[in-house]
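First comes one chain, alone, set out as structure tokens in the form predicted on its own.
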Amino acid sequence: MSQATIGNTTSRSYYEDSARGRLLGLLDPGSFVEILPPAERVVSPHLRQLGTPAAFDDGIVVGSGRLEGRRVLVAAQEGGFMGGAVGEVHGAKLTGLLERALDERPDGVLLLAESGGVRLHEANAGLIAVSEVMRAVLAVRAAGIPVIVLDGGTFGCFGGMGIVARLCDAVAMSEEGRLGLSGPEVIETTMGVEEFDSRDRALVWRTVGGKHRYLLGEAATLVEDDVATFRAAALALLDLTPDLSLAALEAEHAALGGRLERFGDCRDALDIWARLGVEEPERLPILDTAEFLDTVRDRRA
């Protein structure tokens, strides 16, 4: 974990931290209570049968805590284990947490997403698990409890978890975060390197990274790569009121249709940024977060 001292404040990298480290830095000190902690040893039954190493928490930490005194349920995916992939137990822990929210009615549910999607080793069990998570997210939102995603980890948020993230009330991202349906390697494998070169890191970041997602309106907030800034963003987003009304859904569909009409012929994020009216769009990747936000003010899709 990287730490740097700025003045009297210690900066702690969200990108380089572990799932447990992020939770401990995010929540009020001493408030986190883990559900199914490591001693319970609830691990995937499928990996054992395949002779594949398992993790004591199946790659996800769930529990409750407080954020500036406000009561929240939290889940943090650990990218260090199979890229945060969702298997049967992993998904069941997340679904169970969301269903618990319906009983306990916390001030919000925080999902610290870091996942490549469904765990291929568990095939249909993983797919079913993700579908159950999606349904549970919508049930929690329908109950008026906001579900907030924090995306700034090493492995990004892709596949089924990318869909889950977009089902939530808001996504807070850092520039280092990534969000999408198919990951860069999947696109390259399926469509060829001519379509998308996953080794071109600049291309990857400007296509699925936090700055682009913020400009498209898919990320509500763009923050520095720092646990404290993610904490502040999560706290602010807790005041959101979930809206699953027909009018809200129709407005979202209209916005997506308008975006397709406006940018459908663009071949690169740079083309979209230019069409948004950003001067010198090629400079956006090199700007720090504060400069970027100042530059793109009133330019979001």
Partner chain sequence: MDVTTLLDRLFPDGHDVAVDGVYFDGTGRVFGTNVSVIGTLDNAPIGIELAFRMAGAVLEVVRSHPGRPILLLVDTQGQRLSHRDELLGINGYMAHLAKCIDLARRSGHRILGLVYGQAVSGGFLATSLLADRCYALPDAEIRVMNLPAMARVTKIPLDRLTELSAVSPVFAPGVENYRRMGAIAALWDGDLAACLAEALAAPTDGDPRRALGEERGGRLMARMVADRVRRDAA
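Positions refer to the first chain, counted from 1. Since we're looking at a predicted model, the values are computed, not measured.
Although it is not shown, the form predicted together with its partner chain is what the next lines describe.
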Checklist outcome for this item: Students should find that, of Ala219, Leu179, Leu111, Ala85, the residue having a non-hydrogen atom no more than 4.5 angstroms from its partner chain in the predicted bound form is Leu179
Checklist entry - Within 4.5 Å of its partner chain in the predicted bound form: all of Leu120, Gly162 and His253, by heavy atom? => result yes
Next on the checklist: Residue-level contact is defined here as any heavy atom of the residue lying within 4.5 Å of its partner chain in the predicted bound form; does Val62 satisfy this criterion?
Outcome noted: yes
Checklist entry - Quick one: is Val33 in contact with its partner chain in the predicted bound form, heavy atoms, 4.5 Å cut-off? => result yes
Next on the checklist: in the predicted bound form, does Leu235 come within 4.5 Å of its partner chain, counting heavy atoms only?
Outcome noted: no
Item to check | 4.5 angstroms heavy atom contact with its partner chain in the predicted bound form for Gly80 | outcome: no
Next on the checklist: At 4.5 Å, heavy atom to heavy atom, what parts of 38-70 sit next to its partner chain in the predicted bound form? List them in sequence order, or say none.
Outcome noted: Glu40, Val42, Val43, Pro45, His46, Gln49, Leu50, Thr52, Val62, Ser64
